[in-house]
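Given as structure tokens, the chain that follows is alone and in the form predicted on its own.
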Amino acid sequence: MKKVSNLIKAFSFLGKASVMVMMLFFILAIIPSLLTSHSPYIPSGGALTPPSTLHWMGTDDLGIDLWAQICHGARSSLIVGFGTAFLAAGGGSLIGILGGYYGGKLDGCLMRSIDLMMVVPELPTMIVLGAFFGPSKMNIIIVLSLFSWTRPARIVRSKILSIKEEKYVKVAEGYGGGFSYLARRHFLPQVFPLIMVNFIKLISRAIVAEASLSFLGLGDPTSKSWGLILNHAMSFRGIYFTDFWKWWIIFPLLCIVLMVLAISLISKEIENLLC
């Protein structure tokens, strides 16, 4: 925690502001029930009520409080974002370390798999897979991870190719150091900054992808994610004949933009300090 605190202190003003924004979103995700007295599923007022002291962001066409939906949607976005990042960055980094260290046919097979995944059109394929596997958070995380592990794998592999040629690694191998020892003592400490930067970038990428799938109607219908709120808003037939559509669309869209922008700025700060 002390290292994290010192790292944040080295951030610029925009970096520190981004950390504060992310902390606010984490608070929304952790304790949404304490921040609103309304349910994100049950009507609590009149339909299409404008923002007021009772409903800070108004209500939708069913009378459900939008602020309650935004609070619970933050949890859904962060779960998908961090879940995808853990799976993709962890799995991709492991693949990159294995391919870079062992080389040969294993490396060739892994690199051809990466090349194949990189030429596949992502969004259309994710739409097909999302529709095939069904709308749930776990399925969305798995689908997004399938298209997110290639970048960290390539970056880590390139770094391992140079590290394994260092003299101290050769000496460690000469004294009987195996793959697990070298990975734990030499490889991971040096590639960890790269993994962290890619991990944070994957969070924002996954949040945007999840919002896109939810906006297209392929998200978890029980999650109240921000993309699903936008989908509901755009599906409302009377949205173009009322002034309320501005609030119904602006608030979830603003949350998506703020979170992605904050994560991008944080990843840039970490990249400048560690890499």
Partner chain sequence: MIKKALLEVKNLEVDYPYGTEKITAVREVSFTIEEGNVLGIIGESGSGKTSIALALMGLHDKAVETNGEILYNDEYLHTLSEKALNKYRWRDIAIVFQNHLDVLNPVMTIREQILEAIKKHLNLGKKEMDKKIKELLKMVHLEEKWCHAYPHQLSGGMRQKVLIAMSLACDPKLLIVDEPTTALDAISKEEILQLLEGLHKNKKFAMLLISHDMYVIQRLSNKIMVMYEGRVLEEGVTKDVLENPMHVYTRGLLDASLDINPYQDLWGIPEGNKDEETAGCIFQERCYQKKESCREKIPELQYVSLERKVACNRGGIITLLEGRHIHKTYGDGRNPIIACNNCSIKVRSGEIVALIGQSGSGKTTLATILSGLLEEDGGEVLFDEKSVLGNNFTSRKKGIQIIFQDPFSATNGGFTVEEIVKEPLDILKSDTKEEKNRMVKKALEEVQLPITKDFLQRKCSSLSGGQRQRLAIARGLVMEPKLLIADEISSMLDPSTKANVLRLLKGLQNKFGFAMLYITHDLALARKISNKVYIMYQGNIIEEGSACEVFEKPQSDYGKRLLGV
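Take the two forms, superpose them, and find the largest set of C-alpha atoms that agree within 1.5 Å; that set is the rigid core. Numbering follows the first chain given and starts at 1. None of these values were measured; they are calculated from a predicted model.
The form predicted together with its partner chain exists for this protein as well; it is not shown, and the discussion that follows is about that form.
Judged by heavy atoms within 4.5 Å of its partner chain in the predicted bound form, the contact stretch among the candidates 85-93, 136-144, 99-107, 177-185 is 177-185.
Looking at M196, you'd find every heavy atom of it more than 4.5 angstroms from its partner chain in the predicted bound form. Though the partner is left out of this view, A172 does reach within 4.5 Å of its partner chain in the predicted bound form, counting heavy atoms only. L182: CA moves 2 Å or more between this form and the one not shown after rigid-core fitting. The rigid-core alignment places the CA of C71 less than 2 Å apart between this form and the one not shown.
Relative to the superposed core, V191 shifts its CA atom by 2 Å or more between this form and the one not shown.
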